[in-house]
Structure formats: structure tokens, C-alpha cells
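One chain comes next, on its own, written as C-alpha cells: the form predicted on its own.
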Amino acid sequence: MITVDGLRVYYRTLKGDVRALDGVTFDVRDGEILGLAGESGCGKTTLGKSLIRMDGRMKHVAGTVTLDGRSLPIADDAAMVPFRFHEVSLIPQYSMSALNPTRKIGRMIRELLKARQAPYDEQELHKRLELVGLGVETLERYPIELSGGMKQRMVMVISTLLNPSLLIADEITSALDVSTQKAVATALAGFRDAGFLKSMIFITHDISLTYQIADTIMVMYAGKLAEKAPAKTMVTAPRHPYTQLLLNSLPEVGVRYGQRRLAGIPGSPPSLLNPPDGCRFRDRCPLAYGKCAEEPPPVEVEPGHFVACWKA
């Protein structure tokens, strides 16, 4: 189980600190797939990166992360080395470009396992390749010989070779066609069911795809948690105005434009260099009122359903 408590991670810029994560608290149980959704710039990728490796621009300001009862030293790059890939692993955004073009896939995997002081189990590797629909001959190919979907599935296999407790999948379907997206998402769920990992954070813009594989969905807005609930509850009975507008902006199968006109969310997210006080969604919210000048805390409105909204 992973528990994130009051996590604050800022980006250092010449104009000041960008508050990309500003007090985020949640947990992911063993065996759970958490879908993380929201607009661009809401903090999804920053959250995923901060749990495994923060880059030079990122600054851990406050908060703790606990994995299986042990505190993760996310602020100390060197101290995190033993945890990476063994305990926490990442399928990065644009992961199709993550493979070394000068190495055959099989050699690349052997070198990775050797660097992590882990044994090379050929039978286990073949088993995982079969699970994602790749043949053993793929190991003798260079990355350039693979299609985009094949590269994506290969990175999935490599990222889970050491059976991590937590896998972070960051926008891994954004560059794929619809049929391949579903295949990749289904394969990820299969990895969880096969016991190759304990839990997963699946980061995406696509709530409909998230709904197909996630047990729980968490929606973020402007660096904060807006709503977190079981996937079915989130899609059928959302309580936060932002989540409702986000879902209403999606097209429905079989519904014509004349029957239901698609509408986006007016306005844009606030700057995180100097975010407004109170609820960060209030300038775009159709339900905003005086109380929204105060920041709403996430409240459990029913078992497992958390909402940060005074109206909810």
C-alpha cells in the first residue's frame, strides 16, 4: 500500500516557484489500480515523477510518501536508487522513445538486470512477452524494427521485470490508436492480475479509458485533489462541479449533435506561480459562492468518495 500525505512539490523558475503539487493526500491499496485524470498542467505527471525521481527543477517542499510501511526518501535522489524499479517503477510519458536504438531488445534487458543486480530469467521473460502479445523473436530486434504499439508493450514488460510494489504509467496510450490503447490498458490490468505488481497509478486525460481498467479514479485540478471515488461512482454520480463538467464534455456513443451539444469548460486553469486563495476552480465554477473564497478540504461524503467542494 502507498500513502501520500500532504505532498507539496514545486518547480523552481526565474519568476518564482510553480506550485505543481500543493498539499495532495491519498492512498492506493494493494491490488488497486488508481486512475489519475485532469487537464494538462493539473499536476498528474509531476505526482508520478515525484514518487520515483524528481528532476533538477523540482523541489520537495513538504509531505511524506510511505510504501508498504517504509518511508520513501523522495527528496534524496541517491537514497531513492534502491527503491527504483525494485519497489517503484515508471512507464514514462513518450516511453516509445525510451528504448536504446543501438541495442537489440534482449541485450538491453540483460544489461538492465545486471545493472540492478537481478538475475536474468529467460522463461519468465518469455511468459511476460506472451502476455502482451509479443513473440520471443522480438528480443533479437532493434527498437526501430518495432511498431509504436510494440515498443509501448515492450517498455511495459521492461518496467515490471523486477515485480515492483507500485507501477506508475504516465500517459502511455496518448500516442496510440484506439484499438491499441485498449490492448495496452488491458495488458496492464493483466500484469496486476498476474501478480507482477501490487498496485498501479494510471495517468491519463482519457476518463473513458481509465474507467475500463481502474478500480478508483482521482481527479486533480491546479495541483490539488478535486475528487476521488470508485470508478463507477465517479462516472455515474460525480459530486465535484469540475468532474461533472469534465464528464459532460465527453461525447456519448449514439447521441447526435442536435440532441446534445458538446460544451467545453469555459476559462482556463489558474497560474500556479501565484494561485488564487480559496477554491482554485471557483473562477470557472457555475456553482461558486462566497464560501468558495476559503479553501475546501477533501471530505469523505460516503465510503471511499472524497470531494473538495463546499457545495458537495
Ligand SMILES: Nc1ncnc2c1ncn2[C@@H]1O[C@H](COP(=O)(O)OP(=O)(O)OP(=O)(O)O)[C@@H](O)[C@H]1O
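All figures in this text were calculated on a predicted structure; none of them were measured in a lab. Residue indices: 1-based, along the sequence shown.
Not pictured, yet referred to below: the form predicted in complex with the named molecule.
Within 4.5 Å of some heavy atom of the named molecule in the predicted bound form lies at least one heavy atom of residue 40.
Although the partner is absent here, residue 205 sits close enough that one of its heavy atoms falls within 4.5 Å of the named molecule in the predicted bound form. A residue is said to contact a partner when one of its heavy atoms sits within 4.5 Å of a partner heavy atom; residue 45 meets this definition for the named molecule in the predicted bound form. In the predicted bound form, residue 180 stays away from the named molecule, with no heavy atom inside 4.5 Å. Every residue in the set 11, 57 and 93 has a non-hydrogen atom no more than 4.5 Å from the named molecule in the predicted bound form. With the partner omitted here, the residue from 33, 51, 246, 272 that has a non-hydrogen atom within 4.5 angstroms of the named molecule in the predicted bound form is 272.
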